[in-house]
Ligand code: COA
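In structure tokens, the next block holds one chain alone, the form predicted alone.
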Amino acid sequence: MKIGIDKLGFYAPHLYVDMNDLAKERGIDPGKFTIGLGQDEMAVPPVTQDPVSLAANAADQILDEEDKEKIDLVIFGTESGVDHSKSAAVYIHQLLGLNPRARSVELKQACYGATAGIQMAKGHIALHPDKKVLVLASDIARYGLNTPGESTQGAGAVAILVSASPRLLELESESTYYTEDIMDFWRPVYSTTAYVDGKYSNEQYIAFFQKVWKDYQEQTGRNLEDFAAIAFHLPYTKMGWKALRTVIEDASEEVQERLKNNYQISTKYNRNVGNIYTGSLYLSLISLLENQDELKEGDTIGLYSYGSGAVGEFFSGKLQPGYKKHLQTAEHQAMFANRECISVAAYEKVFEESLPTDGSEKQLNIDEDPAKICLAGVKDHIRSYAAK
């Protein structure tokens, strides 16, 4: 039985800041952002969007009534959840009208959470092939204004429908993973922004990739020539290339060129959104599938997932017949085309707007947010959402 990704949806806020503008305002050479990091634009979430609403908007793109009835497990991967107790997945049921006879949980392990969810989803479908699993990857990356990590912020969500007989990507059974207790990136429960040892985190990202890639080769007997492309978790788009180039010299010139070209295509969307933590790998996959017309049925796609702290995994999937017909390419391109570029001053104002933390009431103006699903306000420590 084939199990894998049947549908993929993505949503980003309607606001963004140009990285050239941000660099100039901060007195930094723009090339450090656009070339050094590989980032052109950065999504800016208004206060009317949080990880729950972002995920709901991403899932709303792809789910039909049959999906909503057959989904009996919702897994929400995030590292910027809105509640220490209640799962973000539970909110999704009301917002999307999902079958209530379902399990709903939130997973946390930095940027790795959604990958863990996908692997759990595979096991669930193996036992219940007539059901479907909704895996959500939604985050808002915040490091603070005028901080070293500011240029690697972002916001967005990816919705992944896992089922038997998938129409996009069959997930193969081979997978290699590695865990080590390190402090390269973390966010204590009392902090609204993350802490990162940037150089160390980059080193560990590469080291974990080399470990799981070597284990994958030993487990499967495959080499780079067996892959049409490899998609990476992308905290910024140059990061994946730093890892890939440590192993790519083992391949022929033809294979190197193919992997390098497809890597660049896979970064297109991420370059214009920024870091979305749990969803970054899957945004890279969406970018590859929607922008590379030379991929074909049966091609093998490698996927490298990394979550600081740290867990890494390498796994793979095979493209299914007619997969292009089941992508949301037009919708995603329209979403990008309709975004609004704002000034750095406007971005700073949006960044500093926040919800009360003392239980007081705040109603938000959702009319200025074109999203279908928005955060409408907070009262008595309870968030309320609106579906337009």
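When you see a residue number, it is the position in the sequence shown, counting from 1. What you are looking at is a predicted structure, and each value in this text was computed from that prediction instead of being measured.
Absent from the display: the form predicted in complex with coenzyme A (COA). The rest refers to it.
Taking non-hydrogen atoms only, residue 238 approaches coenzyme A (COA) to within 4.5 angstroms in the predicted complex.
For residue 198, a non-hydrogen atom is located within 4.5 Å of coenzyme A (COA) in the predicted complex, even though that partner is not displayed. Residue 308 belongs to the set of residues with a heavy atom inside 4.5 Å of coenzyme A (COA) in the predicted complex. Coenzyme A (COA) is not drawn, but in the predicted complex it has no heavy atom within 4.5 Å of residue 69. The candidate stretches are 39-47, 321-329, 353-361, 24-32, and the one lying within 4.5 Å of coenzyme A (COA) in the predicted complex by heavy atoms is 24-32. This chain is displayed alone, yet in the predicted complex one of 263, 216, 143, 227 has a heavy atom within 4.5 Å of coenzyme A (COA); that residue is 143.
Taking 291, 175, 202, 109 one by one, only a single residue has any non-hydrogen atom within 4.5 Å of coenzyme A (COA) in the predicted complex, and it is 202.
Shown without its partner, the chain has 143, 148, 149, 151, 152 in segment 122-154 as residues with a non-hydrogen atom within 4.5 angstroms of coenzyme A (COA) in the predicted complex.
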